[in-house]
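This document starts with one chain, in the form predicted alone, laid out as structure tokens.
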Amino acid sequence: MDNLDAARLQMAFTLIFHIIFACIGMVMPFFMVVAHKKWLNTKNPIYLTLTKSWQKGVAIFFVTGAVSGTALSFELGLLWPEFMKHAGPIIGMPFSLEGAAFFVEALALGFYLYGWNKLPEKFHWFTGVIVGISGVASGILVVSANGWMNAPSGFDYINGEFLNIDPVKALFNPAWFTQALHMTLAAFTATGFAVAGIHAFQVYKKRQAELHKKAFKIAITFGAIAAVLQPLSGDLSAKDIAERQPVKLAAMEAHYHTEKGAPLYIGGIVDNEKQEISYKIEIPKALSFLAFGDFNAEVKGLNDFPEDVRPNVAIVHYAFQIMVGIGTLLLVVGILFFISLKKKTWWQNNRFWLLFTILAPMGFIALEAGWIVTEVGRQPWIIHNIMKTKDAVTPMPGMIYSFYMYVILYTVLTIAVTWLMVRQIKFLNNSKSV
């Protein structure tokens, strides 16, 4: 394995893990403060037990996210020195602001964890709100930096040099809003369904049913609302990609030939050699409409682009199909949840709880697939149309050993987090307050 492959594999591996830790760390504080608010309003001890249990989960994922995120920040410099040499002065602002948001989150979390019976109740609760807001802000700022890689701005590229740098323009690059909105909703959807699925399983097993039903309702409300809104952000993202990265759109849909009134493909098997996709469901003119708002608009095919600037079509297409398919499924189930609020008899049926148990990991599978579309779809560029990934990689040999080290680190983190969360669930089920 050469340096480029080892570096890309290491970056992909660490991002796959970090994104889960980061998303849960962003979203769970909101579950915690809702349960806390219900405790303040009702003084129902179930909500107090739930709040204190979730705050431990927030603390666990905050620490884990900090460790995995710190490792990623070192990777940028170690694996991609040529990228950081030029990009650092341009996108330093979102990373600096993300650091500030992280410290605000850390301070607020300290107040929250140790403020019980010491701080005024409302102020104590508000520190939990700050944890959630600063966590989301941190995520948006990191996504802004990634958006810049897809839509570089805030500089003039002249004779291979990056001149006239404008960090503010780079921060608010053309891709930041659509990517940040889509990612934030994805985080709430994935975490909402995952947490709801864990509590649904406890109800299914008839363990502390009253507590877990209340926990389920809080988590799935966030997840279902985000799932319903997600297609709107997806539509904005698709239209943005159609204008800025048409080759990525062509790979997402596995369209090889430029045509007006382009059809939308659902499913299908990609044959890159024959440049065709078989066994797909075809919806006439739908892609042209979704991408440009015009049923007869022209959509560029992959053959309009040189082979050396095309991404891996099969990976991008399959990942896109997984993301959209699961997203649609979660949208439907989210609507079913809202219907169930009127049809209370559904909550007495074990199949209802089994459904949400099965769906627990689906949001994160869709989220990972979405990031594969974003990152693999940008290849071979690390800075779109400016710098290729192969030109940014470190010349130092032996990157494969660095990859092995990171595999060990993240495996240990995953085992530790899993053990701690299982321990928390057991503690919750044995709680005497309910």
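One-based numbering along the sequence shown. Bear in mind the structure is a predicted one, so any value in this text is a computation, not a measurement.
Not pictured, yet referred to below: the form predicted together with a small molecule.
- Between 152 to 160, 349 to 357, 177 to 185, 113 to 121, the stretch whose residues reach within 4.5 angstroms of the small molecule in the model of the complex through a non-hydrogen atom is 177 to 185.
- This chain is displayed alone, yet in the model of the complex one of Leu78, Val324, Ile165, Ala209 has a heavy atom within 4.5 Å of the small molecule; that residue is Val324.
- Of the listed positions (Val33, Ile46, Ala366, Met399), a single one reaches within 4.5 angstroms of the small molecule by any non-hydrogen atom in the model of the complex, namely Ala366.
- Although the partner is absent here, Thr258 lies well away from the small molecule in the model of the complex, with no heavy atom inside 4.5 Å.
- Residue contact check for Asn173: none of its heavy atoms lie within 4.5 Å of the small molecule in the model of the complex.
- Although the partner is absent here, Ser237 sits close enough that one of its heavy atoms falls within 4.5 Å of the small molecule in the model of the complex.
- At the 4.5 Å threshold, heavy atoms of Tyr265 stay clear of the small molecule in the model of the complex, well away from it.
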